[in-house]
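Next up: just one chain, as structure tokens, the form predicted alone.
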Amino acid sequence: MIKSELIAKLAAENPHLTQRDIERVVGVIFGRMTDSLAKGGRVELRGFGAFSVRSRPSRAGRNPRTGEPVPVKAKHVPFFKSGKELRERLNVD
């Protein structure tokens, strides 16, 4: 599901709200999540999972075309850990 599909589904389920209002709400939610992660925080959605930021140290990479070593800078990457309820719903037999 992409962001526009999420907005369309929410609009269909909530006819009393305009699509513009729903777009604004979704934008604010994602914006707050991004801001929190950018500050080194954690975002937890009970039953769904938790987003956090992990640090990756600098390392020596390799140019796949030439095979030459290339320095790769240290960076921060988003990390998602699924919640128990989500894992259980995905693994229903």
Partner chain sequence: MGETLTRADLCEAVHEEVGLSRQDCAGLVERTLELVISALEDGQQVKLSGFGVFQVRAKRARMGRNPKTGEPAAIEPRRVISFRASQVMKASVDSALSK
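Residue numbers count along the first chain shown, from 1. Please read these numbers as outputs of a predicted model, since none were measured by experiment.
Omitted from view is the form predicted in complex with the partner chain, to which the following refers.
The closest heavy atom approach of Gly40 to the partner chain in the predicted complex falls within 4.5 Å. The shortest heavy atom separation between Gln19 and the partner chain in the predicted complex exceeds 4.5 Å. Within 4.5 Å of any heavy atom of the partner chain in the predicted complex lies no heavy atom of Arg62. Contact annotation for Lys75: at least one heavy atom lies within 4.5 Å of the partner chain in the predicted complex.
Taking a 4.5 Å heavy atom cutoff to the partner chain in the predicted complex, the contacting residues in 1 to 30 are Met1, Ile2, Lys3, Leu6, Lys9, Leu10, Glu13, Asn14, His16, Leu17, Asp21, Ile22, Arg24, Val25, Val28, Ile29, Phe30.
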